[in-house]
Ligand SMILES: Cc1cc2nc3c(=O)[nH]c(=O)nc-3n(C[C@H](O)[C@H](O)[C@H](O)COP(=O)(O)OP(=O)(O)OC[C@H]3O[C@@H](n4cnc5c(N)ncnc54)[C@H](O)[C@@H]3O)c2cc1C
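What follows is one chain in structure tokens, specifically the form predicted alone.
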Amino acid sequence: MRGRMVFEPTDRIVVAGGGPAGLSAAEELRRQGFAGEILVLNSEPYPPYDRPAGSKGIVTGKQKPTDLYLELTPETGINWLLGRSAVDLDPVRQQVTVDTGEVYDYDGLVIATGSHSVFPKFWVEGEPGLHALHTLDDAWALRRDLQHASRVAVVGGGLTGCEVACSVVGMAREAVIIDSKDHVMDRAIGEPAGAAVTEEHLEYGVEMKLGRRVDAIERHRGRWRILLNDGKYTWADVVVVTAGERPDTEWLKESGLDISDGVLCDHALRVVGANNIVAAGAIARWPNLRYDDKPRRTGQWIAALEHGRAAAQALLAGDAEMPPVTILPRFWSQQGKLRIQACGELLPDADVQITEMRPGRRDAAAAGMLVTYYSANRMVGLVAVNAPHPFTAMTRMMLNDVPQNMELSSNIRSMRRLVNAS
């Protein structure tokens, strides 16, 4: 335990949110020696589960919902309140109200309610064959509709959209991705890797409507007719919207906290302007001093787990000085024949180096490629496609790279040697 614990065995800590950040925070509280009551408010009626697997295992029918449940640490004495959503926070009285009308007093609070999917304004949620993909129920509903569908339109060519499209093609159905960018996964993996992945997905059988936006959508004879901004239509039996997510801050609008883009936190994930409150996961906006002092959010699964542990430690330490939370954002995704991995920040003004594992091959993504991002002579981001071994080695070095304590030029030379030797 770092520092002196400020809570007593008679105290209660409430964790609002039962996703990966909330789960890891609750378990870390016990690991750090907190002996009081822990209440986890989970808006879904299920125990914690592997949410990213929903766009693959559940949708394709290879997994059941129970297969996704995460193993909970036994004998921790954590009280999971399922099917309860936080709807209001009073940080002065130190109370959280849930949708059942129950009010829970707290001595410490972890805000980990994550994010929710966003539908375009002119779309009507709940229509048959129209889906978002965020929760376990979303994945299960999409799975049911896919049983009778022959063509699926995916609106949004990001990480989840590409996973869905490749899963649909793997089920011997047609899939079309509609996205305003000229290539897929622009935010997740950047332009160089995104362009190569786009070509490979086309070869895999995914149809692309890129550089297009949806202007209108209507139900017609049991199918969806989608009008694009170029004046052309495309048809689908099922439409999946993966066009973005927003932090789940609606329940905090009367709290007085800064929720302009998630919940504003300091370098240790303590919520700014509040006592005994921390935030973790996709809802937390904090300065990741690994890169700079600008507060920002990250919605990745691994980051949420690390956030939860760090937030719990900061909460238990009270006002004691804590080291900054300097996580390295990272994720992986299996899409058709491609294993895509990324870590760090893909800064738009960074110097970019592309390394092909098999130079000269037309199918650069399938043959293997690395895209490295450098800023101020330091590697800040890395994307690998079908290059797992060099990615693992280079990520390990990035995890250990603390700029103020390492010689960056030597570090970069070592990383480049790893690339050339692969």
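The numbering used is simple: start at 1 and walk along the sequence shown. Every value quoted in this text rests on a predicted model; they were computed, and no experiment measured them.
Missing here is the form predicted in complex with this ligand; even so, the following discussion is about that form.
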Contact residue in the predicted bound form, chosen from Tyr204, Trp140, Trp301, Trp123 - any heavy atom within 4.5 Å of this ligand | Trp301
Taking this ligand in the predicted bound form as the reference, which of Arg270, His134, His183, Lys209 has a non-hydrogen atom within 4.5 Å?
-> His134
Partner contact check in the predicted bound form: of 293-301, 68-76, 231-239, 186-194, the stretch with a heavy atom within 4.5 Å of this ligand is 293-301
Looking in the predicted bound form, any heavy atom of Arg309 within 4.5 Å of this ligand?
-> no
Would Trp251 show up as a contact with this ligand in the predicted bound form if we use heavy atoms at 4.5 Å?
-> yes
Would Phe331 count as touching this ligand in the predicted bound form under a 4.5 Å heavy atom rule?
-> yes
Would Ala243 count as a contact of this ligand in the predicted bound form, using a 4.5 angstroms cut-off between non-hydrogen atoms?
-> no
Within 111-144, which residues have a heavy atom closer than or equal to 4.5 Å from this ligand in the predicted bound form?
-> Ala112, Thr113, Gly114, Ser115, Leu133, His134
